[in-house]
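Only one chain is given next, in structure tokens, and it is the form predicted alone.
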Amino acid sequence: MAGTLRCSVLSPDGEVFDGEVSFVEAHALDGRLGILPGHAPLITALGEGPLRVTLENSEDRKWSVSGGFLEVLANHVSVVAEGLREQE
């Protein structure tokens, strides 16, 4: 499915990222999760692992997450991370 979705990434220190993306990959407690535009509503707990968003220009932004939650609602992905460290 073509298109984009809005993604917001929040840490205890505040907003880390907010923008249009084509794909979100996260590590939920029960395994990896991939989210494309048009994904069904979802809320899940995050475990320790990578968080990756693919921007419209195909560039990736990556973080290491340790706990938190991810919500998908109305083509908007919200990530609230307990611990977050940007990766190169």
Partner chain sequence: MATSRELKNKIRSVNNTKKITRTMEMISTAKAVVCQRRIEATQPYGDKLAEILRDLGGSADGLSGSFPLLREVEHPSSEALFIVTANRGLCGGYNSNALKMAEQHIDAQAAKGISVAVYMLGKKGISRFKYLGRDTVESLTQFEDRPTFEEAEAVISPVMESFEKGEIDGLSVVFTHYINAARQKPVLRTLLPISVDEAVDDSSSKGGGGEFILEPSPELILGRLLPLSLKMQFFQALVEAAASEQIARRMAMKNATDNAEEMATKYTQLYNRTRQAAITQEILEVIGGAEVLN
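These numbers come from a predicted model, not from an experiment. Residue numbers count along the first chain shown, from 1.
Absent from the display: the form predicted together with its partner chain. The rest refers to it.
- Counting only heavy atoms and a 4.5 Å cut-off, does its partner chain in the model of the complex sit next to every one of L29, F69 and V72? Every residue of the spot touches its partner chain in the model of the complex.
- Message: Within 4.5 Å, heavy atoms only: does L10 come near its partner chain in the model of the complex?
- Response: Yes, L10 sits close enough to its partner chain in the model of the complex that at least one of its heavy atoms falls within 4.5 Å.
- Query: According to a 4.5 angstroms non-hydrogen atom cut-off, is E82 in contact with its partner chain in the model of the complex?
  - Reply: E82: contacts its partner chain in the model of the complex.
- Message: Under a 4.5 Å heavy atom criterion, is S78 part of the interface with its partner chain in the model of the complex?
- Response: Contact with its partner chain, yes.
- Query: Is there a heavy atom of L46 lying 4.5 Å or less from a heavy atom of its partner chain in the model of the complex?
  - Reply: Judged by the heavy-atom cut-off of 4.5 Å, L46 is in contact with its partner chain in the model of the complex.
- Item | Stretch 13-42: residues contacting its partner chain in the model of the complex, 4.5 Å heavy atom cut-off | Heavy-atom contacts within 4.5 Å come from D13, G14, E15, L29, D30, A40, P41, L42.
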